[in-house]
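Take a look at the C-alpha cells below, where one protein chain is shown in two forms, each on its own, as structure 1 and structure 2.
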Structure 1
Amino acid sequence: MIHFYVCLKQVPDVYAPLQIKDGELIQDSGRMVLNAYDASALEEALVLTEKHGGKVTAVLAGPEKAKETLRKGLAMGADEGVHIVTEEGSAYDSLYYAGLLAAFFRDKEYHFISCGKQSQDTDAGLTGSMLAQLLELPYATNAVGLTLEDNRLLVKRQGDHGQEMIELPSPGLVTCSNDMNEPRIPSLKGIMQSKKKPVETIQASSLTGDGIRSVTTLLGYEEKPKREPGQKFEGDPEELAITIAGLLDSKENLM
C-alpha cells in the first residue's frame, strides 16, 4: 500500500485582472485557484495509487479560506486532507512553508511526498527541495513522468539538456512539472464525496520547529517596462514576407 502525501497550495489566478497601486498588488481576492503544478502532482499520485493500490493525502498550508482548494483536491480524488491554518493576509516565503510542512511531516510515515515544481504566481520553485532537505529525504525535481517499481519511484526528470531517469527510494520527495498529464476535472460525484472525506485541521501556531520563519522580504510590486508598440502587417503573404525580411535587415540590422 503506497501512501502519497501531495502538497497543495492555493494561489491567485494569473488570468485575473491585476492592478498596482503604490507598490501594492490589487487583485480580486476571490479568484484563487489550485496551483496548476500541484494539480499535476495530485493527478499523478491518483493514477499511481489507482493502479497499484494505496492512499493519497492532500496537505495544504494556508488561511481559512484556502480550505476550498483542499476541497478541490479531495473532489479530484484524494482520500483525505490536512489543513494547516495560517494567518490571513500574511506574506510568507517558501522557507516558512517548508518549515511548517517539515514540522507536520516529522512524525509521519509515508512513502512519498509530492510537490509542484513551482507556485504559478511566484515561480519560486523552492519549497520542495527545502522540505526534502529539512526532512533529510532524497528528492528529484521537475518530474515529467512517474512510475512505481517495488515501492521505488522512477522519476523521468526534465533537465537543461534532456531527460533523465532517476530512481528515488522511499521515503522520498518529488516535485512535478505540469508536463506530464492533464489533471482531471472533479466530477459531480467527486464533489459530493469530497464533503464526507476527513479533513484534519491543525493551527500553524501549534507546529514548532526551528526555522519556521520567512527569510525574504517582499518590498512591493511594479509594472514591467513597456515595450514600444509594434506594427501589424496584413496582405499578400509573399509581399509581407519580403517587406518584413527587408525591415529586419535595413531597420533592425539583424541579418
Structure 2
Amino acid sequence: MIHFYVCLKQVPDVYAPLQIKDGELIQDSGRMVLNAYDASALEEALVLTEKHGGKVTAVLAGPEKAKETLRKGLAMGADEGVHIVTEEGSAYDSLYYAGLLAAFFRDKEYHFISCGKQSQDTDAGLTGSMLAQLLELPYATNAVGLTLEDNRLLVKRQGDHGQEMIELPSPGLVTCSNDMNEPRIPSLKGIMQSKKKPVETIQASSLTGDGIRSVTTLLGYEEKPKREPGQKFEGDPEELAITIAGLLDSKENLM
C-alpha cells in the first residue's frame, strides 16, 4: 500500500482583481483558491493510488481560513487531511514553509511526498527542493508524468533540453508541473464525503526545528514600471546600424 503525502497551499485567485495602495497589497480575501500546481500533484497521487491501492494524505500549512482549501483536497479524493495553522496575515518565505513541513514529517512514515513545483503567489519554486534537503530525501523536480513500479516512481520531468526519465526510490519527494494532468472537479458526493473525513489540526507554534525561520523581509509592493515607448529611426542603413549599436552598448554598460 503506497502512502502519498501531498503538500497544498492556499493562494490568491490569479484572476481576482488586485490593488496596491501605500505599498500594501489589497486583494479580495474571498478569492483564495488551491494552488494549481498542488492540485496537479494531488490529482496524480489520487490516480496512482486508485490504480495500485494506497492512501493519500493532504497537508496544508496556512491560516485558519485555509481549511476551506484543505477541504477541497479532501473533496477531490484525499483520504485525510492535516492542517498546520499559521498566524493570520503573516508573510512567510519558502524556507519557513520547508522548515515547518520538515518538522512535521520528521517522525512520519510515508513512501512519497508530492508538492507543486511552485506556488501561484510568489512563483519561487523553492519549498519542495528545500524540504527534500532538510529531510535528506532523494527528489525530482518539474514532473510531467509519474508511473509507479515496485514502490518506485518513474518520473518523467521536463528539463532544459527536453524530457528526462528519473527513477525515484522510496521514500522520496517529487515536485509536479501543472502540465501533468487536468485536476478533477470535486463532485457533490465528494464534497459531502469530505465533511466526514478526518482532519488533524496542528498549531505551527508547536512544531520545532532549526529550519523554521524566514530569511526574507518583505519591504512592500509597487506597481510594475511602465514600459518605455519604442524609438523609430529613419535614414541611411549604415548610420542607423552605428546608432543602434551605440544604444545597445550604452544599455549593456548600465546593467
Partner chain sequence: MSTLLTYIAVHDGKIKRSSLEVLSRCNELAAELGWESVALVLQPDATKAIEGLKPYGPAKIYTMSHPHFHQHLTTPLLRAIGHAVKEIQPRVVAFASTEGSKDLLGALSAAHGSAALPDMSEFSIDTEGVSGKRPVMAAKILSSVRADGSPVFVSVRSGSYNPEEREGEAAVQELSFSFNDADLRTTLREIVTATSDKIDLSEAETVIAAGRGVKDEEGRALIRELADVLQAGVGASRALTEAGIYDPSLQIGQTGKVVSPQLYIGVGISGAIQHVAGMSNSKVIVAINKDPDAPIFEIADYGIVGDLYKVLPPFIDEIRRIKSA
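Residue 1 is the first residue of structure 1, and the numbers go on in sequence order from there. It should be emphasised that the depicted structure is a prediction, and the values quoted were computed from it without experimental measurement. Just so we're on the same page, rigid core means the largest C-alpha set that superposes within 1.5 Å between forms.
Taken from the form predicted alone, structure 2 is distinct in origin from structure 1. In a rigid-core overlay of the protein, Thr243 has its C-alpha displaced by at least 2 Å between structures 1 and 2. Annotation for Lys21: C-alpha shift under 2 angstroms between structures 1 and 2, rigid core superposed. Once the rigid core is used as the reference frame, the Cα position of Lys196 differs between structures 1 and 2 by less than 2 Å. For Glu228, the displacement of the CA atom between structures 1 and 2, after superposition on the rigid core, amounts to 6.4 Å.
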